[in-house]
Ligand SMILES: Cc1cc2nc3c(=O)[nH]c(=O)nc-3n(C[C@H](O)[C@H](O)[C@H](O)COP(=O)(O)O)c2cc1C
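Shown here is one chain on its own, the form predicted alone, set out as structure tokens.
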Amino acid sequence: MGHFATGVAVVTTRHDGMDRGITVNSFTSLSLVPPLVLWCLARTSRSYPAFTGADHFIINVLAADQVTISNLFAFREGEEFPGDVPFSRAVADVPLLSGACATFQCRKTDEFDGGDHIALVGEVIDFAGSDLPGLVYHRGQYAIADSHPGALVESHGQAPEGFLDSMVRPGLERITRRFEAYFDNELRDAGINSKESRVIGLLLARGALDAEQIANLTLVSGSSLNETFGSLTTKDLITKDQARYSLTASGRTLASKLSEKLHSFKANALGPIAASEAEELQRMLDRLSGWIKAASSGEAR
């Protein structure tokens, strides 16, 4: 199921005078007439009583820059509503999160048994959308949605919008994929995967961190992060003291070795390129990135 890319949403409700929210990616349209949506909730969830007891809920579809919001409601699910999350009151006083790329205010109409989950159906009574890019979840980590280069079509003999980006990005992505393929071999030889590598590399650089901090900085979250913690603990590479994770002695040794290999590989890759050329390439990429950003917002002339 992790291979099926989804959006990320925080479902909010208000029950017995308390605000509640939970991060989900099991959200889908069910019907257009009437307008119905569906999402799924684990029976073991600490938010189960609130969502089964409430008559309304709001689907807040998260924007690409709301990873922190997603992690807050994933790790503090069922706890007191985070005080630093901006929101307004909407239907039935349910919290409507600020900055979401879309929101669906719903009246709950049905609940259906789904094994260890229940499916909650809501009739959409109000909705709003924006041009903000949405947050994506794929193979256990956050991602962003972008236009597929192969889907760009020329019109009236003019270069399509985003043409420059679609010409440059594939070349950069090829370089990135080749680098990742090389380093994946190094990781396999060390007996770890890329997610585990990100976690131990972060702990080497930052020291002890809690799960929420690690999720925010590695973009690995949810069950995938828990699996990563379990695997690294079994391999005696990390240890947990109260709520914070840190490297063991063997973890520090492995992380340092991989870090040295990474720096050595980067140095060798840049070896044939003179320092002045590398600096000029960086300046060109920075200028190109700035121009594309301006063009996409309509500021470039």
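Keep in mind the model is a prediction, meaning the values are calculated, not measured. Each residue number is its position in the shown sequence, starting from 1.
The protein also exists as the form predicted in complex with the named molecule; that form is not presented, and the subsequent description refers to it.
- Of the candidates R139, R76, R206, R107, R76 is the one whose heavy atoms come within 4.5 Å of the named molecule in the predicted bound form; the others do not.
- With the partner removed from view, the residue among L41, A50, A255, V61 that has a non-hydrogen atom within 4.5 Å of the named molecule in the predicted bound form turns out to be L41.
- Heavy atoms of every residue among R20, S45 and H117 are located within 4.5 Å of the named molecule in the predicted bound form.
- Considering the named molecule in the predicted bound form, the lone stretch of 244-252, 272-280, 24-32, 230-238 in range is 24-32 [heavy atom distance within 4.5 Å].
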